[in-house]
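Just one chain is shown here, as structure tokens, and it is the form predicted alone.
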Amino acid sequence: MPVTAAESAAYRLEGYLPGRPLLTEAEATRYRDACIRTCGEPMKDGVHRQASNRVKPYILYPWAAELVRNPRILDAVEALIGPDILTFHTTVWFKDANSPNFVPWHQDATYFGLAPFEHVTAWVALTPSTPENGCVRILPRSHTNGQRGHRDERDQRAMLSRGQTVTDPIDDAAGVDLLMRPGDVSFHHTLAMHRSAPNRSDAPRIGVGVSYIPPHVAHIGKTRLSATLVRGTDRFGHFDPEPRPTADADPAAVAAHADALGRFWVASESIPEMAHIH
């Protein structure tokens, strides 16, 4: 299902595209099973809220490396940001059944340190995503207000790296639930405000958020980061290339992942909010 010119215009206006079926049922099932096998049990380092095996898994696991390179997803991304595409970041969003964990209202751009603001997130549903199990809820046109101020949320149930929570008052009633079936993929702008509620269902809710950027986008911090070219050409070299894994968590993949993730944590924890930079 290609993204049409009208849909690209709607994305620029609204800040998101709702879920569309880009993976087959068999693909979604295979990725879900692989995700549960490799990321179902979180690997915590005792420091960060997010489990290390659920962050940048495309460096660790062949299934995730295949997913971020899926041609149907990349066709949609190309319609939104152009033919040259880097995967900058990826997070597995795993909400256990009856989990109280939630994602507060936030903008993805807040601590990524990327400029200009041209990053798009592809949110890949590997299970149904509904209001009951805590689907993404997005605020249309909120990306037009620029980077907003955030605070760090102390509540450990907040699933973001620093619990980043927008400080602006939000009219939750104006939000739109992104209802998705397994294999559906939605897209949202890096400045689009969104959240997700706890999972009140008896089954896990699993999704993968993939951050794509055009190669002219750069990290403004002092730490040099890594990224993966998944389509086209990188004529800018703002990021060190990341190797593709050949087996689940083999020694070379583990070493590359530790290096990439270590740099990312240093950068994301030391950079000030983008609201104070732009």
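Note that the coordinates shown come from a computational prediction; the quantities given were computed from them, not determined experimentally. The first residue of the shown sequence is 1; numbering continues from there.
In what follows, reference is made to the form predicted in complex with a small molecule, a form of this protein that is not presented.
J.: Check each of His89, Arg205, His150, His143 and return the one that places a heavy atom within 4.5 angstroms of the small molecule in the predicted bound form.
T.: Checked against the cut-off, the match is Arg205.
J.: Is Thr121 one of the residues lying within 4.5 Å of the small molecule in the predicted bound form, judged by heavy atom distances?
T.: It does: once the small molecule is placed as it appears in the predicted bound form, Thr121 has a heavy atom within 4.5 Å of it.
J.: How about Val136: is it within 4.5 Å of the small molecule in the predicted bound form, going by heavy atoms?
T.: Judged by the heavy-atom cut-off of 4.5 Å, Val136 is in contact with the small molecule in the predicted bound form.
J.: With a cut-off of 4.5 Å between heavy atoms, is Asp108 one of the residues that contacts the small molecule in the predicted bound form?
T.: Contact with the small molecule, yes.
J.: Just to confirm, Asn199 within 4.5 Å of the small molecule in the predicted bound form by heavy atoms?
T.: Contact check for Asn199: no, nothing within 4.5 Å of the small molecule in the predicted bound form.
J.: Answer yes or no: in the predicted bound form, does the small molecule come within 4.5 Å of a heavy atom in every one of Lys95, His188 and His194?
T.: Judged in the predicted bound form, Lys95, His188 and His194 all sit within 4.5 Å of the small molecule.
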